[in-house]
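The chain below stands alone, shown as structure tokens; this is the form predicted on its own.
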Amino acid sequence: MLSKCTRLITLSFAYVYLSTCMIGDASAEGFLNLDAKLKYDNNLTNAEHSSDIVGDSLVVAAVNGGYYIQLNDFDSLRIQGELSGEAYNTFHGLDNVSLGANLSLKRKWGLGLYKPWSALSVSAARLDYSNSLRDGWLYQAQISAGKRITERWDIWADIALQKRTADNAPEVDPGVSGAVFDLINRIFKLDAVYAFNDKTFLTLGYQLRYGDVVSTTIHESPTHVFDLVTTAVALDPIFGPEAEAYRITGTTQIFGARISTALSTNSVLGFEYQRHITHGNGNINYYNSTPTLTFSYGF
């Protein structure tokens, strides 16, 4: 794991260096942010039955930086790279590091605080886990639009197509794919921010995801309904010797709320709660709750 981290850190420095060379003498503003999260997921396995449900806490740390370039009065370009890692308290096979890059082009349709804006962004990230079943790449293309409604309310929406690849596809059942984490999802998001004052904000969010989801069973069910609806299956030893991960088609709704307050001009402390509701093929339904404490520092 350490050698993998070292390789990713080296790649991140190379990315920053190449970005600097490409921008040259162009007018650009650099930024660097540090983020830390303490999170709890009460259903890591995305399981339906209580005997298969396990929870765990995790620590997330990330550093992201890049350049913000104002191209003209209306258009801006954002180039960003991010190195992040997750460490779990119990299920260390889920520990991971990732290295990603994001490119976003934004247009504001006029001058003034209340003019609408739209943006197009593309991103790619390499995912590297302690257990190699989940290793792969994550790609996303997204269209966004938003507008400040009043002095206190700001809203925006995103439509995204997300593709995740799987490096490893060990076949468990003959004729059934083992690429459980080879996933495609279509995503719609709607967010609104209310400013209590210039330091404290409330963010309300809704997300609708349709496509592939992964659910893991720790103990073999006598009915084994997954056999009828799964599109891929693989052993998932992180959760036990009999655990199996299944890829199915499903719809997930995510409801979230976050309160954040500025501790200083550079730091923000927040608390977020999300509720995930998933309905999969074969009437496979499961739920997740994820409270998260967040801290961000910008240079």
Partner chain sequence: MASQVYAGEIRISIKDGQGQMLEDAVVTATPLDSKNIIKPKNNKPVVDQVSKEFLPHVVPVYINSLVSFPNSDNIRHHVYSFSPAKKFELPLYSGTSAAPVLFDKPGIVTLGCNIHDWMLGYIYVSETPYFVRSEKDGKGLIRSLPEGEYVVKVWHPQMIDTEDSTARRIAISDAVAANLEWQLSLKPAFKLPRNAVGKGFGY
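Just so you know, these numbers come straight off a predicted model, no measurement behind them. Residue numbers count along the first chain shown, from 1.
The protein also exists as the form predicted together with its partner chain; that form is not presented, and the subsequent description refers to it.
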* Classify residue 139 as contacting or not contacting its partner chain in the predicted bound form by the rule of any non-hydrogen atom within 4.5 angstroms, answering yes or no. => no
Proximity of residue 110 to its partner chain in the predicted bound form, heavy atoms at 4.5 Å: yes
Margin query: Is residue 201 part of the interface with its partner chain in the predicted bound form - any heavy atom within 4.5 Å?
Written below: yes
| message | So, residue 52 and its partner chain: in the predicted bound form, are they within 4.5 Å at any heavy atom pair? | response | no
Among 126-134, 89-97, 191-199, 176-184, the stretch whose residues bring a heavy atom within 4.5 Å of its partner chain in the predicted bound form is 191-199
The listed residue (121, 118, 80, 207) that reaches within 4.5 Å of its partner chain in the predicted bound form by any heavy atom is 207
Exactly one of 249, 252, 43, 33 comes within 4.5 Å of its partner chain in the predicted bound form through a heavy atom, and that residue is 33
Residues in 152-171 that come within 4.5 Å of its partner chain in the predicted bound form by at least one heavy atom, in order, are 152, 154, 156
